[in-house]
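The chain below stands alone and is given in structure tokens; this is the form predicted alone.
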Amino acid sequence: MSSKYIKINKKINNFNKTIEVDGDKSLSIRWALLASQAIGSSRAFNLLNSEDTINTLKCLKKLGVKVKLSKKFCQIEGRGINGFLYKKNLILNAGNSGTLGRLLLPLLIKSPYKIKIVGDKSLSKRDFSRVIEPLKNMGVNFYPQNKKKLPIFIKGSKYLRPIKYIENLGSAQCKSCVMLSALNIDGETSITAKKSRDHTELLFRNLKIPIKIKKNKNYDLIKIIKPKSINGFNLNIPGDISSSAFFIVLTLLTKNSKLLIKNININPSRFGVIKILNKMGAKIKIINIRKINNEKCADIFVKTAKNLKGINCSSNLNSSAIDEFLIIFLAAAKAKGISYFKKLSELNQKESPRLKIGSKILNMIGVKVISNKNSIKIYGNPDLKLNKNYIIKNFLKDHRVFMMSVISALSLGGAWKIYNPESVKTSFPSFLKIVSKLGAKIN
């Protein structure tokens, strides 16, 4: 994809299709990191072939891990816990991935040398203090001291101690960072964590890592003891619900349309987008439910929504829909009545300040919005139709800003010029191919 932008000048027509989306990004990165800590071979099937995953594999290769990538699977020859081959002057590039940047650090906490962690322009604007601070409390060294953003240097320690950590942001990355650090620390690591996606917990249980979880209404108490070793393991990775969300909303907003999305991860900690859209009147059906490697998976059937209505969205659903709010905002723009989403400051810790950018895009297309750093009110218009020219610059190359803009153009009309199509390579490389499969014309 070499073009600096794409043009969309026509709404999509009615469609009735079956699609599959790319593999789950959260699972793909976590599999690779844990496979590097295992002894022996591990294979992942349907691994997301995106820039974020490729950067993960590149970092592991620099640490002495053997990786074989084929069309059918990815194979990693693990080096065991704390088995990395450390070198002086090592630089690891996390690219655009906050998941990689934050979850790689706890695997480096015994490095005898300083390791430089860098990222792209977008990732370098994001807060890393949220994972640096708990690691410091364990005895890990960071340079320059008090720096909160990339690039940073990490140097391990021989004298690490377990901590009792309170995670109150609802961030799975922060929680998982401390969980992964426990692989290298003697004693019991304790985490009191606000509800968030639980892929790391499920993988730990799958790998028989000593973990105890006590679930409360809003928080989970997690206790981990360092395992003696981890055995190599295989993982079948289902499709990503975050990627599916864009096509779910496109179908809801396109007349006389039906869509079946096959083999999607519907982990309850990621299911918020479906709950929210159904509360708005979407009537999305979940069929063929099964479990794969402890993850709940299913097919998703969706059809045109006749009467979407506004929602006063419970903030309890925020963590389970945090990556999908941009496209949920678009659905709210076409709903009848006012939608109110609150306690969403975490959205601004993503690849771009998404709450701010989402508000700007909705304002640009004529939707009344009242927003601040923490909440947004969207005054929906079921009759919203566009016939002007719209330009989305997307300076921070946020993949979800690009995809939201494409779905806006296809569902609402108007003439759009949308910059940085290459941004989808970070999480959903086949996005535009699927859009074309549904009948869209893109120049």
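We number the residues from 1 along the sequence you see. All values reported here derive from a predicted model rather than from experimental measurement.
One more form of this protein should be noted, the form predicted in complex with a small molecule, which is absent from this view; the next part is about it.
At a distance threshold of 4.5 angstroms between non-hydrogen atoms, Ile322 is in contact with the small molecule in the predicted complex. Although the partner is absent here, Arg130 lies within 4.5 Å of the small molecule in the predicted complex, judged by heavy atoms.
Within 4.5 Å of some heavy atom of the small molecule in the predicted complex lies at least one heavy atom of Gln173. Shown alone here, Lys334 lies farther than 4.5 Å from the small molecule in the predicted complex, counting heavy atoms only. Only one of Ser26, Ser36, Ser50, Ser408 comes within 4.5 Å of the small molecule in the predicted complex through a heavy atom, and that residue is Ser26.
Proximity to the small molecule in the predicted complex, defined as a heavy atom within 4.5 Å, holds among Ser257, Thr99, Ser371, Asn267 only for Thr99. Between 107-115, 293-301, 163-171, 201-209, the stretch whose residues reach within 4.5 angstroms of the small molecule in the predicted complex through a non-hydrogen atom is 163-171.
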